[in-house]
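First, one chain by itself in structure tokens, the form predicted alone.
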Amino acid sequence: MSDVIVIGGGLAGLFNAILLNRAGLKVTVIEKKTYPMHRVCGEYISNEVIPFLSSLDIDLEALNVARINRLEVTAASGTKFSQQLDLGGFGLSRFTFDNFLYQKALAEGVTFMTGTRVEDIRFVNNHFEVVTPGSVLTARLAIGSFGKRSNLDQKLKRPFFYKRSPYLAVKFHVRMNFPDDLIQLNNYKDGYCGVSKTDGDRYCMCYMAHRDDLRKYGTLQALEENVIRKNPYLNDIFSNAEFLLDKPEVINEISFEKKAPVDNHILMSGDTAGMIAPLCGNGMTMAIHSAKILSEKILIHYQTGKFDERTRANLETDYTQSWNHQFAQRLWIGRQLQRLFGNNNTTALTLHILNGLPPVSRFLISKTHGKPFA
């Protein structure tokens, strides 16, 4: 029996595994893909994580990150809002970062089962049974870090899974002539596309669109030509960029519905606990911070061989309260900001207002970034 089984080896899962393993717990990570891998993600991380990464001896310079300190938001009309980012962030691809953390965790003694799909998870007699093809693993604690949407959400009957979402997300890596220090959020009908530099000479371009528009035009290429490229900034990128991936990464039914940090006694982390609206561009940051908070709470409450139902309940309550305190308002603000965009007329009007009210724009941007943590 493991102390902890982590289901999903993305950022939240990997950071949980590293932190708990360093504290002496026996940790097993189950990941359905194999490293290195691409994931649908905007690949921008707020600088609030830098003190924490430094405490783990993670050298960002060695990872060749792109330093980002400017924001632009554009509308299909050509209207543009520009703002310096007080805190700022950096660009780093999931292909690079996830693999780096995987190798780090593996070298430190974390057990991995890659290329393995979790078929079911059951809570029985105060422990978990995790079912994979051909085996059943057991652990006292289970961490769910299986991303935005999974078959396990359906198995667990999580309410958000049954509220169908109309959004899909698509990610490319490209080479192009674009400022290294800029993150640009380009709006169009029913969606927006984030563009920023990652490590190396690559740029990440990740867009969200409405499934009705995809159905109307039939293919991603037709959707891009008839909807997304109506934004002149995006049309310029699509016309001149060199696309590097054989095919884009795609995920359907992106949901921004409220989720529970604890569900069926599983401790959720990262997007599995709550997904921040892409307009805020901080999902990677939240995944890292949520892993830090969860690992700390586990280490406060969990003792091998002495973990009864009351102790588990205290852990679950403590983590839920801490998670809501740190992220609930940030997620709410992200959802409200998202409502201002996706309609061509509303977007243009919003950008005109923000251009005329710099204090308001700085305040809103500050609410999409957290405070530095270690």
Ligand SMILES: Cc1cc2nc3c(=O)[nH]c(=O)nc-3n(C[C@H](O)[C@H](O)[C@H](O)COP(=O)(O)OP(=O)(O)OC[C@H]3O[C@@H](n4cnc5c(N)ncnc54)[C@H](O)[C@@H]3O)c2cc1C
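Computed from a predicted model, the values in this text were never measured in an experiment. The numbering used is simple: start at 1 and walk along the sequence shown.
Omitted here: the form predicted together with the ligand. The next part is about that form.
- Contact annotation for the candidate site: 73, 334 and 365 all lie away from the ligand in the predicted complex (no heavy atom within 4.5 Å).
- Proximity of residue 214 to the ligand in the predicted complex falls outside the 4.5 Å heavy atom cutoff.
- A residue is said to contact a partner when one of its heavy atoms sits within 4.5 Å of a partner heavy atom; residue 339 fails this definition for the ligand in the predicted complex, lying far away.
- Taking the partner from elsewhere, residue 187 is found to have every heavy atom lying beyond 4.5 Å of the ligand in the predicted complex.
- Although the partner is absent here, residue 203 sits far enough away that none of its heavy atoms falls within 4.5 Å of the ligand in the predicted complex.
- Only one of 344 to 352, 312 to 320, 27 to 35, 65 to 73 lies within 4.5 Å of the ligand in the predicted complex by heavy atoms, and it is 27 to 35.
- With the partner omitted here, the residue from 82, 103, 151, 226 that has a non-hydrogen atom within 4.5 angstroms of the ligand in the predicted complex is 151.
- Shown without its partner, this chain lists 293, 260, 254, 176 as candidates; in the predicted complex, only 254 has a non-hydrogen atom within 4.5 angstroms of the ligand.
- Residue 169 is the only one in 158 to 173 with at least one heavy atom within 4.5 Å of the ligand in the predicted complex.
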